[in-house]
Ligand code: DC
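Shown next as structure tokens: one chain only, the form predicted alone.
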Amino acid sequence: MIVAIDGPAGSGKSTTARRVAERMGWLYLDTGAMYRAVGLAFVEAEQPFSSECAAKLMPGVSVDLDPTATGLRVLLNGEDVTAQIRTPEAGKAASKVAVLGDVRRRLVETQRRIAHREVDAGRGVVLEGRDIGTVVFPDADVKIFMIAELAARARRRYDELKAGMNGDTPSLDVISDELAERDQRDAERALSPLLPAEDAVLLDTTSISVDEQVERVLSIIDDRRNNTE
């Protein structure tokens, strides 16, 4: 079974997808981490986020996900960049490379290959991103689109950064402005804009806990499995 969870930054999709996959014993395929890794590749190569640079850079870029007993490792050209991609800089870079055709084509191919590998082996996979249910896997068994008010998403991202960063954490206002800017970029981009699939289940996470989010998604999966048996 393929479960696609989409939504804007800070809506809770990453944490929820990860926990749902753990509960089901399935692979969590963090597509956002893959775009962050490519964004990091552009930053490290000191290249602008342009189509011309993507065409030159992407043939030499390899992104993979390595499930381990302690969590999912993100590999960029064979190097573990799991920690590096969680910086604000990598997050900004991710949304910029996500509009580039060469980047999206390469990563979509990788995501499909990994997911089909799991399904062919009789397992399930949970993916999250911004176009999983509309572009990457339009035939996914379960499609969920998570939404939340901007203030709630900014607070979550602030708490997340504060807990994971050793240095100064951006202010709540700065984070809110960055999320709003990213929302606009994601919604207005010509290539795979952020929008729910027609058959996606909308899940508003503004005022519910992570545990409640997980339980609701698991319930949606159970309903789908029961209806297809």
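Note that residue numbering follows the sequence shown and begins at 1. None of these values were measured; they are calculated from a predicted model.
Beyond what is shown, the protein has a form predicted in complex with ligand DC; the following relates to that form.
Within 4.5 Å of some heavy atom of ligand DC in the model of the complex lies at least one heavy atom of residue 186. Contact check for residue 126: every heavy atom lies farther than 4.5 Å from ligand DC in the model of the complex. Taking the partner from the other structure, ligand DC in the model of the complex has a heavy atom within 4.5 Å of a heavy atom of residue 35. Although the partner is absent here, residue 106 lies well away from ligand DC in the model of the complex, with no heavy atom inside 4.5 Å. This chain appears without its partner; in the model of the complex, the one residue of 81, 140, 94, 154 with a heavy atom within 4.5 Å of ligand DC is 94.
Judged by heavy atoms within 4.5 Å of ligand DC in the model of the complex, the contact stretch among the candidates 24-32, 56-64, 40-48, 197-205 is 24-32. Taking ligand DC as it sits in the model of the complex, the stretch 111-135 comes within 4.5 angstroms of it through a non-hydrogen atom at 128, 129, 130, 131, 132.
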